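Only one chain is shown below, in structure tokens, and it's the form predicted alone.
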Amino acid sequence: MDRIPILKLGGVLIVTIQVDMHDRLALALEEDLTAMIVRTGARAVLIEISALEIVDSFIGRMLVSIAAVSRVLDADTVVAGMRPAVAITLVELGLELTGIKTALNVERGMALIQSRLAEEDGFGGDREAHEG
């Protein structure tokens, strides 16, 4: 597989990684996501990784890099479906997922994104105005 498909749902780009990532594929994903954020004006990226059994330091750094580039382009990044073994590996490698929000699954990831977008658009952030 030369490329990982990127789906657009409203203002969200969804990436489901169903294959073991190798370095070239991770770099291609970063390039493709960057171009698609610019082209579509996406406000968030959801990366679903439940099929990944192994994440090495390079792939971990690529996730952080994708989040940093997305943030510069005004899009949040959520990684969903991380297996416990992958989480443990990332911690053991000392990799902090700076700038990346995590969610247990895609449903929670989309809820997190929708909540964040609603806050940014002013549709849910001002509690005092709703209290009476």
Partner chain sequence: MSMDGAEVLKRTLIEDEAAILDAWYASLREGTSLQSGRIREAELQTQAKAVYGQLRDALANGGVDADGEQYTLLREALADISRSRAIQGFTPTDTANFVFSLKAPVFAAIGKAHGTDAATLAAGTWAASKVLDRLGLHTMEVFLASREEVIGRQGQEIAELSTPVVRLWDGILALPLIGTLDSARTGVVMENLLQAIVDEEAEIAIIDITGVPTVDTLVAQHLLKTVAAARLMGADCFVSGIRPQIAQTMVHLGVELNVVSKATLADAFALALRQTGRKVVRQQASAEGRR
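Positions refer to the first chain, counted from 1. Nothing here was measured: the structure is a model prediction, and the numbers come from that model.
This next part talks about the form predicted together with the partner chain, which is not shown.
Contact with the partner chain in the predicted bound form, defined as a heavy atom within 4.5 Å, is made by all three of 83, 88 and 104. At a distance threshold of 4.5 angstroms between non-hydrogen atoms, residue 30 is out of contact with the partner chain in the predicted bound form. Under a 4.5 angstroms non-hydrogen atom cutoff, the partner chain in the predicted bound form lacks residue 74 among its neighbouring residues. Although the partner is absent here, residue 35 is not a contact residue: none of its heavy atoms lies within 4.5 angstroms of the partner chain in the predicted bound form. The partner chain is not drawn, but in the predicted bound form it has a heavy atom within 4.5 Å of residue 108. Distance criterion of 4.5 Å from any heavy atom to the partner chain in the predicted bound form singles out 100 from the list 69, 52, 59, 100.
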